[in-house]
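Just the one chain here, laid out as structure tokens, in the form predicted alone.
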């Protein structure tokens, strides 16, 4: 009997290694916004933010190859590329953020960010939302709600209810910002009562894993004021909204109108080459460097830095941030024109789109229908995903070269699928 690829994965990688789709896709090649499987089927990539400037972009590939042939080592030796990159990257930031640590993943970046908050404040209490994801290290996985830590969540962690467009905190959209701030203040007070003063709050500016709820610029102001009044710092996890995906802003926190003390980045930085970074104000960086003896063997190596520089070049030279703004505006129009009884709301944060499905007038989440739509689109050659507390929200977060023509292909197919499925 011939061993299947799924069986081989289980034999070599162990059980419960997740894949997308009921019939997993065996990808063998990617170019731009397109992917091909082992049978030669072509798929439009409507999901992946890792190949930020497109699968297999020749300029990024060439930069990696050229630098790998020349030199690759770590930052205990001097080399210019990592400094060139940090110069250019921090130039896109305001709020006094001018220094960085290069790592290999967003998980590592967020782990360091939590330690930066501890170093600045001398405290350990940390607040996140109750439907978030910030990575896989022991420290940041304790913030995740999907698989709580063995033995329970650490005593210094507090999770506050995430904003929600259909079921707003406090009972109304108008009162949601104040309600969110009240939950943050309650968490601050609870931490203090338990002997854990506040070190900071970490959030994704567009609340991506929370379902991309509609939050206006200034929404986080009251909550962040409470954090700073308690002596904590603000960490913006920009792994998903950053690097121009917002279209009108390079960074999600700028689009939402707040000033973080620390910014973490990852997946899109090098178009698939494993890179992450922590960017901070000098005072925050100094506190961390003096408190922790941190070194990362592969973080900031010359090949990674070359790949990162090439991504910035492509974003600039191909006008991908402006294109994202144009595509996002068209995609939002197409989303608003979709029709299905279960489609309760459509939302966008730049080139990051969400469509929420519900089962009834009580707005009960409908994950089964969301799964069915995703599966049928996969069978038609479109790859997308799901987000939200119950995975009932359709998620579109494509590579940045995704254009108006690609959006039209996708939404035409999506409406056809919606016409087929019953509520």
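Fair warning: this is a prediction, and the values are worked out from it, not measured in the lab. Positions refer to the first chain, counted from 1.
There is also a form predicted together with another copy of the chain; it is not shown, and the following applies to it.
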Item to check | Of 345, 145, 73, 92, the one that lies within 4.5 Å of another copy of the chain in the predicted bound form (heavy atoms) | outcome: 73
Item to check | Partner-contacting position among 131, 185, 99, 327 - heavy atom within 4.5 Å of another copy of the chain in the predicted bound form | outcome: 99
Item to check | Segment assignment from 367 to 375, 45 to 53, 350 to 358, 388 to 396: heavy atom within 4.5 Å of another copy of the chain in the predicted bound form | outcome: 45 to 53
Checklist entry - Hey, in the predicted bound form, is residue 137 touching another copy of the chain, heavy atoms inside 4.5 Å? => result yes
Checklist entry - Might residue 173 be said to contact another copy of the chain in the predicted bound form, defining contact as any heavy atom within 4.5 Å? => result no
Checklist entry - Is residue 227 one of the residues lying within 4.5 Å of another copy of the chain in the predicted bound form, judged by heavy atom distances? => result no
Next on the checklist: So in the predicted bound form, is another copy of the chain close enough to residue 288 to count as touching (4.5 Å, heavy atoms)?
Outcome noted: yes
Checklist entry - Of 20 to 47, which residues get within 4.5 Å of another copy of the chain in the predicted bound form if you count heavy atoms? => result 20, 21, 24, 25, 26, 27, 28, 29, 30, 35, 47
